[in-house]
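Before any questions on how it binds or moves, here is one chain, the form predicted on its own, in structure tokens.
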């Protein structure tokens, strides 16, 4: 569903991503891990069509910047990108109409209830707390019924209840055949449900691990072995994560 081939992203002389290739099939969960500045957000923004890059990215067989591809992809950015003057309900309605998704009030209401936003449906985005803005950002990605979805640090800022619901949702989306790419620093939160983990360092994949293989090291041990015991940011990188 997501196919990334030989992607390189440069900021002038700085190489933020170097020759990255991987894929995420339907019903699979791929995890991106790495210290701050490793290049995770850069490759995610390339996939989402927000950055120019060298190489090839397709979504469902379509070039990632095509309308056909965008209809298939949901994207939850690291920092919520909301319309301050729209209410919670108006965000979901706007996206539903923009993507020409049939109205399904029970589905929308269930999402709002699940992430404790139903009572806030008439509240402006600018009046929401940071955690609620993050929840709304997640619902915006889900309301278009994507066949592939990217989560960039989705657990940051969420309360324990929302974290539990979101991790349950990851499993439900996998069962529904949705391809998921999740970037996270929270190693302990991914250990129960991932299919493949790509550990990034200095703009490249330092290692790839599949869950159906036997390993002597834990993910945490492998992560710190490859990125340094203190997990310090890589200097010179031009991105937040």
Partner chain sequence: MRSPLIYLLERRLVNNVKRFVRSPLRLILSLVVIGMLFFTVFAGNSEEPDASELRDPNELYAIAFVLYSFVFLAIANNGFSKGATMFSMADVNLVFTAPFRRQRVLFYGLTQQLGSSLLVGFFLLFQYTMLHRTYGITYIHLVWLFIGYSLSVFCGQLTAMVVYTLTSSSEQRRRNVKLACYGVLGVIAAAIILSLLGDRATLLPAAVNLAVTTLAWFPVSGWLSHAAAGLCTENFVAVLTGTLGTCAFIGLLTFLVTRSDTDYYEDVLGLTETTHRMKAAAKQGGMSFTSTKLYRRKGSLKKGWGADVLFHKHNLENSREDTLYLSLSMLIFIVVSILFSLIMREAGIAAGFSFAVYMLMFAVSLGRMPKELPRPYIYLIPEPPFKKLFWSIAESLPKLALYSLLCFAPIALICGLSAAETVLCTLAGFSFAYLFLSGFVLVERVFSGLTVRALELVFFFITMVLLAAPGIVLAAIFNTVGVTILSSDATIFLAMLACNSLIATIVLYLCRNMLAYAELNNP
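Numbering follows the first chain given and starts at 1. Keep in mind that this is a model prediction, so the values were computed, not measured.
Note that the form predicted together with the partner chain isn't included here; everything after this is about it.
Interface residue remark: residue 119 is not counted as part of the site for the partner chain in the predicted bound form, having no heavy atom within 4.5 Å.
Taking the partner from elsewhere, residue 147 is found to have every heavy atom lying beyond 4.5 Å of the partner chain in the predicted bound form. For residue 207, no non-hydrogen atom is located within 4.5 Å of the partner chain in the predicted bound form, even though that partner is not displayed. Looking at residue 171, you'd find every heavy atom of it more than 4.5 angstroms from the partner chain in the predicted bound form. Contact with the partner chain, judged by heavy atoms within 4.5 Å in the predicted bound form, is confined among 175-183, 190-198, 60-68, 27-35 to 60-68. A single residue from the set 165, 159, 109, 127 has any heavy atom within 4.5 angstroms of the partner chain in the predicted bound form; that residue is 127. Residues 67, 70, 71, 75, 77, 79, 80, 81, 82, 83, 84, 85, 86, 87, 90, 93, 94, 95, 96, 97 of 67-97 are found to place at least one heavy atom within 4.5 Å of the partner chain in the predicted bound form.
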